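A single chain comes next, written as structure tokens; it is the form predicted on its own.
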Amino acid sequence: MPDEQPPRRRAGARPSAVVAVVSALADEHRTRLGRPLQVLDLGGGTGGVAVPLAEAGHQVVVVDPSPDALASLARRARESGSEGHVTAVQGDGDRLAESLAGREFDLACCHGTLEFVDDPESTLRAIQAALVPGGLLSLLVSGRLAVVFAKTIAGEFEQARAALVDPAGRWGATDPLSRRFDPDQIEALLTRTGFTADHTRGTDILGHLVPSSHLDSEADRAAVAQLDELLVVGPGREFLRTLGHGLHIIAHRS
């Protein structure tokens, strides 16, 4: 398997399963509150999560450092007819408080962003401060063990070992990611920053290991996604969450 592609700050990998989980979570929370949600999407890029939430009637503020991504977001929201529910703000996690200017949110999404910010703990504290008491967080981060398996299967044993023992989970100096996470590590980080993790699971457990030549069709991709779902069902399989290319955590402000 070749080295990973250069990073996209918006972590373009937002599996459809993650979007579905976030959409369902937002719908459940709206039912409890009796109104649409105020949503923060940090690193939301071109709107893979924001636009579906906006289409459902929620108000979404997308904070992203890329003007090109925000332009694409605006176009996508306009084409979907949800532009009145989306606000684009150029900024990043390291200066989140400045970008939000005191706004409060019921739900925050932070998908594929903690890998790149200067200080993940400060970013999570800023998100926590922006949430109302009991507000929800959907956090998606890159998992360490997934790259260890991928590098081992590719015969890149030194890089696999480096990713396993490096405190940041990096496989070498040219690794495009600044850090990867283990489930216990990210859950401890959430606890330190004022969150309680409610649910953690691995995403894309198998898909990142399958050669792209075997994923030519939507049916192929759907079949692998179904295998992922079957893998995590049933008692005694909790350890499989550690193998996900992504780790998806649902938490709430403590």
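Start at 1 and count along the sequence shown; that's the residue number. Here the structure is a predicted model, which is why all the values come from computation and not from measurement.
Beyond what is shown, the protein has a form predicted in complex with a small molecule; the following relates to that form.
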So, a 4.5 angstroms cut-off on heavy atom distances: do all three of 42, 45 and 113 pass it with respect to the small molecule in the predicted complex?
yes
How about residue 196 - does it come within 4.5 Å of the small molecule in the predicted complex, if we only consider non-hydrogen atoms?
no
Could you confirm whether residue 185 comes within 4.5 Å of the small molecule in the predicted complex, counting heavy atoms only?
no
Given that the partner is absent here, does residue 52 sit within 4.5 Å of the small molecule in the predicted complex, heavy atoms only?
no
So in the predicted complex, does any heavy atom of residue 94 sit within 4.5 Å of the small molecule?
yes
Could you spot which one of 36, 207, 65, 202 gets a heavy atom to within 4.5 Å of the small molecule in the predicted complex?
65
Sole residue of 160, 145, 117, 88 within 4.5 Å of the small molecule in the predicted complex, by heavy atom:
117
If contact means a heavy atom within 4.5 Å, which one of 65-73, 213-221, 23-31, 188-196 is the stretch that engages the small molecule in the predicted complex?
65-73
